[in-house]
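The chain below stands alone and is given as structure tokens, in the form predicted alone.
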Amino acid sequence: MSKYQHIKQSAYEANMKLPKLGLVLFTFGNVSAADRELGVFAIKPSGVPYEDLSPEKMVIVDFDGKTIEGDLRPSSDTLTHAVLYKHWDHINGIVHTHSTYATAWAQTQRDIPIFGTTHADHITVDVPCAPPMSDEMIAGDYEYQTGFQIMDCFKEKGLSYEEVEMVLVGNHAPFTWGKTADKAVYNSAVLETVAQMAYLTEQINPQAPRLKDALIKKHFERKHGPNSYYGQ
């Protein structure tokens, strides 16, 4: 058995959740799962339908984007995953989808405003949208540069990747991450739901106010604060 079997299994199971959650159409998405001690991650092979996947088909890649094990080509987004793993030490799972509402917001090049408590249950700021990259970056190593596009956005906005585990890439689509591949998938589903709610909010009331600070603080801290009391 491969010494990477545990992350192959994790990546496979997480990838299989995407169609079940309605986050992907055809092959429009990928999940990776990392092992920090081994310095590698497992990721979905490029263009393979979800129904044809298996743990054995997951591709093992190092944090420089070099294939270590596997007969199939890894996802075309592999270098974006590699850059984020290499520079953000505390994530072990990454998801990229083209889910409808989150992608629609990305196409507007707008952050998703924090309108309600569902949003505040997870993050205390607008969901950031990274500006489209320059023509030079596009013409270069596109997927590699996408990783820096995301990191640059967080640096410019003063955000922590450990506190905000989601981003929209302008004119492209969402990426999410977490301490595990399962948490990254969870964040992807939350992002899609928040994006849909924000869209509907603006349709009902184009002048809808942002959630006030007291409610943001209350809802986030009851789940994540030192005195949290949500759940068992």
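A residue's number is simply how far along the shown sequence it sits, counting from 1. The model shown is predicted, which means the values in this text are computed figures rather than measured ones.
Another form, the form predicted in complex with a further copy of the same chain, is not on view; read the next lines as being about it.
- Using a 4.5 angstroms limit between non-hydrogen atoms, Asp126 is distant from a further copy of the same chain in the model of the complex.
- Taking the partner from elsewhere, Thr180 is found to have every heavy atom lying beyond 4.5 Å of a further copy of the same chain in the model of the complex.
- Residue contact with a further copy of the same chain in the model of the complex: Leu200 places a heavy atom within 4.5 Å of it.
- In the model of the complex, none of the heavy atoms of Thr67 sits within 4.5 Å of a heavy atom of a further copy of the same chain.
- Using a 4.5 Å heavy atom cutoff, none of Tyr4, Phe63 and Lys157 lies near a further copy of the same chain in the model of the complex.
- Although a further copy of the same chain is not shown here, in the model of the complex the stretch 110-125 places heavy atoms of Arg110, Phe115, Gly116, Thr117, Thr118, Asp121, His122 within 4.5 Å of it, in sequence order.
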